[in-house]
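Below you will find one chain, with nothing else, as structure tokens; this is the form predicted alone, and questions on how it binds or moves follow later.
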Amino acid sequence: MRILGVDPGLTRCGLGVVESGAARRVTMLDVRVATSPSTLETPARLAQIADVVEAMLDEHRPEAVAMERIFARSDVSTIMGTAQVSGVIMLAAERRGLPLSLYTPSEVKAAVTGDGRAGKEQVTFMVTRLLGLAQAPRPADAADALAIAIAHAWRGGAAPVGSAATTPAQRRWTEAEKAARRRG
């Protein structure tokens, strides 16, 4: 499965495309950081981010989009920009008929490092290692986008539950999610 991972942001939006295969293998196909200068008005900034996202979707034709879920912060201007970019990503995925999944930062960290409270350095280290890269993706937004794509590959159903490509922990996680949905 080919997945576009997105770490949304108005100043820097991380975009990473990975291909997942059997036995939890993931390969990086592309990674970019779409930027927009704060000197532009918000609509122009969103258009710049959208242009890069559209180019990535056209070039790599992913089968799914995975994005970091927005979480509450005290800086309202930052959260607004992130929410606006998230809307751009959601619209682009919807217009192409692509499924979109949202992951919290702790879900991504847990998927990639095994620890939902891992620091950025640990996430970057594991992304570099898992993808077999010679150098760590920079800036952190790039590594985060790849981590989000990997999390989707491993937790979002890229490998069939119960197959040899999933770990016992992933199978337990999936069963717990199903049980939670049944309860309400």
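As the structure is a prediction and not an experimental result, all values here were calculated from the model. In case it trips you up, residue 1 is the first one in the sequence shown, and so on.
As for the form predicted in complex with a further copy of the same chain, it is not shown, yet the points below apply to it.
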Given a 4.5 Å cut-off on heavy atoms, tell me which of 146-154, 49-57, 125-133, 31-39 is the interface stretch with a further copy of the same chain in the predicted bound form. 49-57
Are any of the heavy atoms in Gly87 no more than 4.5 Å from a heavy atom of a further copy of the same chain in the predicted bound form? yes
Consider Ile70 of the chain shown here, and say whether it contacts a further copy of the same chain in the predicted bound form, taking contact as heavy atoms within 4.5 Å. yes
Exercise: Pro43 in contact with a further copy of the same chain in the predicted bound form, heavy atom 4.5 Å: yes
Residue-level contact is defined here as any heavy atom of the residue lying within 4.5 Å of a further copy of the same chain in the predicted bound form; does Ala110 satisfy this criterion? no
Relative to a further copy of the same chain in the predicted bound form, which residues of 78-98 have a heavy atom no more than 4.5 Å away? Ile79, Met80, Ala83, Gln84, Ser86, Gly87, Val88, Met90, Leu91, Glu94, Arg95
